[in-house]
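In the block that follows, a single chain appears as structure tokens, in the form predicted alone.
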């Protein structure tokens, strides 16, 4: 996964397992534990929370990648092998939930590039992002069942919504893995590209998302998922309220005027 970078640093204090830069309005956050297949330890998860809660206001989208041959091999099992009590383990899981909620319901859309291993907690992390681009080397698994543990980073909610409970049960009960094509067909990813093309595609998509109005992106990130969780009548009311807020924003007013006066392009078919 290679690309030329012309990035600037971001002034957020992060652990060495995370690296952050930006290209204009798009930030690039990298998992940087390649020697551990980007396994997620507590320091890294807390660093993710820090990054997404302290994102500069002028950053309008984020690209998330993993250094080395893999996106993430999941939970660093040294974290759960410690002698912790039941409440401590519950709070450990809730810490992951808090960090991943900062991603899913954050300020900016997150586009993730998946390659190599995307398993366990790595798949839970990916599921908390908004657009997922897979390279052909990507493969997916939930090995918790074979290790005597259970999903603890939100996967029982987010991954099950992406691919369905029966498929999650299959992955966990049998240790089955899905290759990039199978995962794409199952709904894990929205885009599938050749190896080495993921970063370019992710920045292309992130730039498009960054060009939207702040209000529309807020509605897509915060209102849309909650509408889906609502009963239909409550969801439709929320939709009406959010549509009204979006349409009344100054940016929307200007963009609608540009379209009506034929200064904005029409919707054309894109791949």
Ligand code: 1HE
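Positions refer to the first chain, counted from 1. Everything numeric here is computed off the predicted structure, so don't read it as measured data.
Heads up, the form predicted in complex with this ligand isn't pictured, but that's what we're talking about next.
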Review point. Of 78, 165, 186, 173, which residue is found within 4.5 angstroms of this ligand in the predicted bound form when only non-hydrogen atoms are counted?
Key: 78
Review point. In the predicted bound form, which of the listed residues (222, 54, 208, 69) lies with a heavy atom within 4.5 Å of this ligand?
Key: 69
Check your understanding: Thinking of 24, 62 and 109 as one candidate spot, does this ligand come within 4.5 Å of a heavy atom in every one of them in the predicted bound form?
Key -> no
Exercise for review: Look at the stretches 174-182, 128-136, 113-121, 195-203 and give the one with heavy atoms within 4.5 Å of this ligand in the predicted bound form.
Suggested key: 113-121
**Study point:** Partner proximity in the predicted bound form: residue 147 to this ligand, non-hydrogen atom cutoff 4.5 Å
**Key:** yes
Check your understanding: Any chance residue 39 has a heavy atom within 4.5 Å of this ligand in the predicted bound form?
Key -> yes
**Study point:** residue 99: touches this ligand in the predicted bound form, heavy atom cutoff 4.5 angstroms
**Key:** no
Practice item. Please check if residue 103 has a heavy atom lying within 4.5 Å of any heavy atom of this ligand in the predicted bound form. Key: no
